[in-house]
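Listed next as structure tokens is one chain, alone, in the form predicted alone.
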Amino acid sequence: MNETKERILFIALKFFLSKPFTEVTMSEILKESGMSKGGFYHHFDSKEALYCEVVNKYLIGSLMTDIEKFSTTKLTLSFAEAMPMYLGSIFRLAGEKLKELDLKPEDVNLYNIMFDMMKYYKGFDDILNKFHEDEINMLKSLIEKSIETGELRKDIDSLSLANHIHALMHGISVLSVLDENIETINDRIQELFNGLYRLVKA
């Protein structure tokens, strides 16, 4: 991807995170990027096409890369090591990206973003469902491995626990955005995980 297109995507990301899709205008993206209208349309067919590429690169791409990377190393980690690492990694990446964009948590409306993606990105709900399914299966595999090693109780239902962890992780993300407490999210994750771990460890 050339530098000009990369710059447009990054600038558009900031606008799409801080405002609803319908309120983001081409003129502000062009002004911020220093691009002419003709230059923009050399790279993108429309605002909708730009939006889809932003979602692909910064949301879907980041999530898929993170889960794939974690999946390749999870079998070498204990449950106690792996879970806080995985739960924290997604939020750490989100916090780093907000700082890079010079945005604060209160600048981002998570609900608007989710509704916009479902409305303006055709097939996004299917992609999101597939991601959640892959994530739960990855968690289930880790739990089953930890049961086999004797770290977790043998009577644990691996799928049920995977679903609980999945719900815990995504619930924390919503609450942290609403409470504007992304900076303390790792501490909250560790505290909640410690309580869960005491219930399921052998």
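Take the two forms, find the largest set of C-alpha atoms that superpose within 1.5 Å, and that set is the rigid core. Numbers for residues come from their place in the sequence shown, where the first is 1. Just so it is clear, the model here is predicted, and its values are computed rather than measured.
What follows is about the form predicted in complex with the DNA, which we do not show.
Peer 1: Quick one: does residue 171 come within 4.5 Å of the DNA in the predicted complex, counting heavy atoms only?
Peer 2: So residue 171 does not count as contacting the DNA.
Peer 1: Residue 42 near the DNA in the predicted complex, any heavy atom under 4.5 Å?
Peer 2: Flag for residue 42 set to yes.
Peer 1: For residue 34, is any heavy atom within 4.5 Å of the DNA in the predicted complex, or not?
Peer 2: Yes, residue 34 is a contact residue.
Peer 1: According to a 4.5 angstroms non-hydrogen atom cut-off, is residue 25 in contact with the DNA in the predicted complex?
Peer 2: The answer is yes: residue 25 has a heavy atom within 4.5 Å of the DNA.
Peer 1: Counting any non-hydrogen atom inside 4.5 Å, which residue from 160, 46, 65, 149 sits next to the DNA in the predicted complex?
Peer 2: Spelling it out, the residue with a heavy atom inside the cut-off is 46.
Peer 1: Taking the partner as it appears in the predicted complex, which of 160-168, 53-61, 131-139, 25-33 has residues with heavy atoms within 4.5 Å of the DNA?
Peer 2: Flagged stretch: 25-33.
Peer 1: Superposing on the rigid core, does the Cα of residue 194 end up 2 Å or more away between this form and the one not shown?
Peer 2: No, the C-alpha position differs by under 2 Å between this form and the one not shown.
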